[in-house]
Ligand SMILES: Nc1nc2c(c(=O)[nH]1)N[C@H]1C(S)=C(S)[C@@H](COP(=O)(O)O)O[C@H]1N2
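Heads up, the chain below is alone and in the form predicted on its own; it's given as structure tokens.
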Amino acid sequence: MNQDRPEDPQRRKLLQGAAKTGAIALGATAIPGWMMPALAQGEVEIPFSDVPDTFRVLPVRPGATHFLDTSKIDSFYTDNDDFYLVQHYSQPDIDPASYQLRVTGMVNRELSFNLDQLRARPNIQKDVGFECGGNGGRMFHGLIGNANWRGVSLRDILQEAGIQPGAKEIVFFGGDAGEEEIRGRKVPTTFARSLSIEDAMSEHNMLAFEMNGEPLPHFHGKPVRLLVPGWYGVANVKWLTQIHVQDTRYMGRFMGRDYVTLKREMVGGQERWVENSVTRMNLKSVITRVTRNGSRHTVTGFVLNDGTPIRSIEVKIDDGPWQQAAIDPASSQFTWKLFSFDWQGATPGEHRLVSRVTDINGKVQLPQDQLPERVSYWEEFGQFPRTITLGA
């Protein structure tokens, strides 16, 4: 597993072309070619029979949701132009020259930073992948992406400001503004999410201003966004303008009313419908591609979770046994984990393929029908069977 890396100008140059070419450089070592390569000579992709003819992945458009065609993943890093996008309000075009980030509220001293001041602080780089809280089978789990991010430590900034006793939450406000109608009244608002003090002070959190070796792109929150590794994408507030420390629970739309999972669970022996804000990513794996090269068949896919180390990833063909797949050694704690399985003895006809992942605590990705019943479409992480037909 690779560790987070300090700033390296040569590495930044490599990253700028890596996602576009698939030639990913990790120090002096390249990702093994058997992991998610571009198709080799003579290798062909076998289409899934569960994908309707009407399924289309459109290019990025202003204000529109963008998801990946997961069958085309062929690189450890996602191209900046193809990393998934979900927009909630406007897409503000903030001038980096006039940008200001304020730290306010229950702090010993309020702080303000322009972009140059942030960039002048000690920099960190992290490989981090995440998915949207609403990612699911209807778009074949394409609301995902994995990138190298560069920025500064959130914890260092909070420690510099000094959090006062009694503070409970930290709210992160974006620059994307909209309007909400509440009890018949329209009020202006901005996108925001909150973290508990403990969660916000994690050593892994960062304020990112660079993505895959380039300044943060406009659609991804230029010039600065919050990055909370291990959490669903909604926590990674874009166009970050204010960090506010307070002693009450934040209950904005995207914390208390939207991005809220409603599911049926047993609570102290009583069956209840439970609501919870979408926060840490659940343990999940998805098969995304099957290829054939001569008589050899290869099954590939990805794993995402909250950063808990992975024990195993397995693939099952039809009613056969669970068989071990190989995880890309380039994976680190908070990246996606690309996996590959050599399908031996594949026969003509229809087949059902499914994957499951297990973490070091023994937590296993369960079939969908063994998970709590949900009304909302947030947090879809059950096993995701795929179907395919092989010719003679």
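This is a predicted model, so every value here is computed, not measured. Residues carry their position along the shown sequence, with the first being 1.
Heads up, the form predicted in complex with this ligand isn't pictured, but that's what we're talking about next.
Comment: 218 to 226 is the region of 97 to 105, 242 to 250, 218 to 226, 310 to 318 lying near this ligand in the model of the complex, near meaning a non-hydrogen atom within 4.5 Å. Not one of Val299, Phe302 and Gln383 places a heavy atom within 4.5 Å of this ligand in the model of the complex. In terms of contact with this ligand in the model of the complex, the residue from Phe209, Tyr259, Tyr77, Phe140 that brings a heavy atom within 4.5 Å is Tyr259. When this ligand is considered in the model of the complex, only one residue from Ser153, Ser71, Thr291, Gln87 comes within 4.5 Å through any heavy atom, namely Gln87.
Remark: Lys238 counts among the residues lining this ligand in the model of the complex, judged by a heavy atom distance of 4.5 Å or less. With a 4.5 Å cutoff on heavy atoms, Gly233 counts as touching this ligand in the model of the complex. Heavy atoms of Asp127 never reach within 4.5 Å of this ligand in the model of the complex, leaving it off the interface. This ligand in the model of the complex is not approached by Gly213, whose heavy atoms all lie more than 4.5 angstroms from it. Of all the residues from 169 to 185, those having a non-hydrogen atom no more than 4.5 Å from this ligand in the model of the complex are Gly174, Asp176. Note: Lys186-Gly63 Cα separation is 3 Å or more longer in the model of the complex than here.
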